[in-house]
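Both blocks below hold the same protein chain, though in two forms, and each is given as structure tokens: structure 1 and structure 2.
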Structure 1
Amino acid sequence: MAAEIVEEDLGTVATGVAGSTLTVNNVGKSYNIAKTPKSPPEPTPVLQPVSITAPPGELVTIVGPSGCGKSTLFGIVAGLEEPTQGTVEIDGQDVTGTTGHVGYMLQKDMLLPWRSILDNVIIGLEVRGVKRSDAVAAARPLLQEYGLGDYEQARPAQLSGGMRQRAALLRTLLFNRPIMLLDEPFGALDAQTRLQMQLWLLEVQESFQKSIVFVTHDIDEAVLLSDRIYVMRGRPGYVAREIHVDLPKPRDTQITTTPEFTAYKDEVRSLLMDKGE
């Protein structure tokens, strides 16, 4: 039975089965914090009740300033933190506080320097108990298709920042969960490499139809990538608005010069600059 499950899971990587529906229902978070060295800890909210939805195959972006609770929200969705209130559901099943339901990629590529790119990419499959030969068979076509086929035996230090991020994203993809959380994965890249990675992510999304939730500070990046945008602000953070991005796909850099693209940028910017609560 285990072998059949592994075979089916690897098959979904190759065929690009659509993602699941992620539903965050009124999730809030408080920490017990002592405001002075002598005062007792008291509940301090860092995230007001937040509700977001990522339907199958959509790329959903969360935009907001530092300190508004984006990373806290990601930690709750990934099951790494327990919310003070609310639930996280995948296809209607409550997964609050449990791990292993999503793929999670941080801004740092977190590649192990002593392992080859191939061995880094298959880590998630190995952790799940997939035989190395099966994991390699699943990874090699993706490495080849997405420009890393000639570098599978290279070490991370031998690759550019963009190539390392590409390997890290393929590792997350091969973890083979219908939902992927990407926490500012391109934030440390130079502008040209960042744009290349954005367009590459759109290509991957079109091919695999995963549900992707993407955190960014960059308004242009959010509008270019997204099917919908959640604008967060405040401390404790809250969702100021959900914006459906009705721009045609597939997208390329030409769309950034259109009036429609500019209108979405202006809407997001005005929400982020609005000091009203």
Structure 2
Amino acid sequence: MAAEIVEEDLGTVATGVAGSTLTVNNVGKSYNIAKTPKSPPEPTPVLQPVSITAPPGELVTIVGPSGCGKSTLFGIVAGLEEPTQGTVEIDGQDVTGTTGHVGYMLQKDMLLPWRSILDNVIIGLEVRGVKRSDAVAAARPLLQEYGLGDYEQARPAQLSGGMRQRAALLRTLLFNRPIMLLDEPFGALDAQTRLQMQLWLLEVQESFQKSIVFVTHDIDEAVLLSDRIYVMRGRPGYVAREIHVDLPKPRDTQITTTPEFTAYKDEVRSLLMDKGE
């Protein structure tokens, strides 16, 4: 990779880089799955054609039941899986089936246990050929700012769940793509830590203006964080509704007691409870 591109990229880690528009057009996926141990594998849809848009600087949430295809959709957007149909575009450019365009935080935090926190968060830069000293210089201020400054030499096992999640998120942020995919990043946390992490993510979003696509099962979390919510249903999944969350920003927990907040929650909940296909 050309050094000047990397340098330019690193500059934007500190200053924030505006998001891009992610467009998922009618993306569907089938896997070859054998219905019984003896039957031959046959194409089985796991995701019906879905279309989603994440404009610059928006936080877009996907909520839906287990198995409706949310992680499959992320795998396709990240270019790790080919869709059976449809296309993925970033700022109008077709990137279907190609990697490196998005920062992707997997459903598990996937920190490498033998590496220090510092070496974990710079891994994306390392993979992209950035000099270690430059990568460290970009990472240190973020570790400081987000409460991990004293832990840069610690191993992941020495950190609390919330700290590990922050480290995994910083690693995704440092990969420094305008679009970030976060697959249930706070799923394993207790309620109090989760709330802190949600407020932290809102801060990160405010400073970095990325386009963030976020998977969650938690309806409160979806409404608190989102500019728009895609509610998915069914197996194979489909988008039942796109909801624009028109609540004031910056948001804090006080908003959760307002009638407007409750109305959004009720709308999402009733879509998820409604079994009608």
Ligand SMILES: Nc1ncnc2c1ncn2[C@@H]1O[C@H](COP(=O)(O)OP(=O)(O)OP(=O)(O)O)[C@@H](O)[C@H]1O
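Nothing here was measured: the structure is a model prediction, and the numbers come from that model. If you superpose the two forms and keep the largest set of C-alpha atoms that fall within 1.5 Å, you have the rigid core. Residue numbering: sequential along structure 1, first residue numbered 1.
Trainee: Which number goes with the form predicted on its own?
Mentor: It is the first structure that is the form predicted on its own.
Trainee: Core-aligned, is the CA shift for His244 between structure 1 and structure 2 2 angstroms or more?
Mentor: After core superposition, the displacement of the His244 C-alpha between structure 1 and structure 2 stays below 2 Å, so no.
Trainee: Quick check: Ser39 between structure 1 and structure 2 - does its CA shift reach 2 Å or more after fitting the rigid core?
Mentor: Where the cores coincide, Ser39 still shows a C-alpha shift between structure 1 and structure 2 that is 2 Å or more.
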